[in-house]
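As structure tokens, one chain now follows by itself in the form predicted on its own.
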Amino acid sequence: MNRALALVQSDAEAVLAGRTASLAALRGQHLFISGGTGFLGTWLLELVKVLNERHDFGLRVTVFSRNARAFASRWPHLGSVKWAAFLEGDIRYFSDLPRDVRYIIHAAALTDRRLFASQPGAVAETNSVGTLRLLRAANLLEDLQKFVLLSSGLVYGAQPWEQPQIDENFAGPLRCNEVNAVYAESKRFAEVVAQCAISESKLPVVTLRPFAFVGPYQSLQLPWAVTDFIRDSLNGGPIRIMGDGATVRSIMYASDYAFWVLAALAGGRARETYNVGSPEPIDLRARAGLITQYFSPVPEIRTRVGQVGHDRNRLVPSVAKAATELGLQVTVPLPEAIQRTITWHRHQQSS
């Protein structure tokens, strides 16, 4: 096993240590994951691998994705396991689920913000119609136990600067007459579609609203601040920040993210919504500093680059509901999350 995979396996084992009892409902079950070859889906498979090989869970997984064959080839330690089947297709045209599926995680979506301007129609259709198609297929199952919908923390709209965190009841302004709103609005509509399914068919839907994350398997080509900063640092810098660097986010490590999703699948209350993310705020400038400390020479950090009058904003969740109802907590502090991610990418580059 190469060093990158060893690191991921260690993280998966660590996040599950002493916590598998909360996932007991999943033993021997058939799980369907849409979008199962993306960042989250890959980590879910890593955790299932540990559950099956170290804890005898006997979980079977069907993965549906646009690039299932390429994934199975790139990551054979996941793509060749006997307990996983990979199906390739477009979620917008999905119709049939395996009849014995009892648990579903719907993570299929177009999340690359570069597509919000270049292919907004595809973003809207994939995120909303894809959800509708999968919910209709789920309604035909005889013994569905749980359907977890991955929405987004962006559905909340603008968080007031003076408000430290937002809980599941918060509703801020969102400008729906701009094309850049297509992702947040399509996720809002996906939630409404799920509520329709709950009302009409009593489907056991749990909605999760993820915030920001970092970790192995996260592409450095994605246009997020944390991936930009890591990529630029690996290339020697500089790190470029639009505005003054005061924009605030929180970041959760990938293994915690995947565990929280599995915990919500096993124990989340149907018809409820939970925030998923770290409650600890950090601004862009401080985040860049966390990253550059792991490089020598230390890359330069430049602010106010390329955009005059860039608005500062914040998006930080309250996760009190997940903590109280599901017993969830962040286990990997942000500095350690950053270090592990950089180490993984270095191993990947050298392998």
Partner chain sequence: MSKLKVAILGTGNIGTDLLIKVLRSPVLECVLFAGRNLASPGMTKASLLGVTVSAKGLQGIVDRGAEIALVFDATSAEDHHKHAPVFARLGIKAVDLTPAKVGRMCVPAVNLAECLDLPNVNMITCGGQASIPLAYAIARANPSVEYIETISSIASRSAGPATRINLDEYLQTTENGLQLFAACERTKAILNLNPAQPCVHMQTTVMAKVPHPDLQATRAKVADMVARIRHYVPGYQLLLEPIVESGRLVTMVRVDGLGDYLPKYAGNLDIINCAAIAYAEAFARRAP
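The structure presented is a predicted model; accordingly, all values stated were derived computationally and were not measured. Positions refer to the first chain, counted from 1.
Only in words, not in the display: the form predicted together with its partner chain, which the text now covers.
- Contact with its partner chain in the predicted complex, defined as any heavy atom within 4.5 Å, is confined among 224-232, 246-254, 201-209, 277-285 to 201-209.
- In the predicted complex, none of the heavy atoms of L110 sits within 4.5 Å of a heavy atom of its partner chain.
- In the predicted complex, at least one heavy atom of R99 sits within 4.5 Å of its partner chain.
- Contact annotation for R188: none of its heavy atoms lies within 4.5 Å of its partner chain in the predicted complex.
- Proximity of S95 to its partner chain in the predicted complex falls within the 4.5 Å heavy atom cutoff.
- Proximity to its partner chain in the predicted complex, taken as a non-hydrogen atom within 4.5 angstroms, holds for one residue of N139, Q119, S219, Q163, which is N139.
- Taking a 4.5 Å heavy atom cutoff to its partner chain in the predicted complex, the contact residue among L144, M242, A181, A84 is L144.
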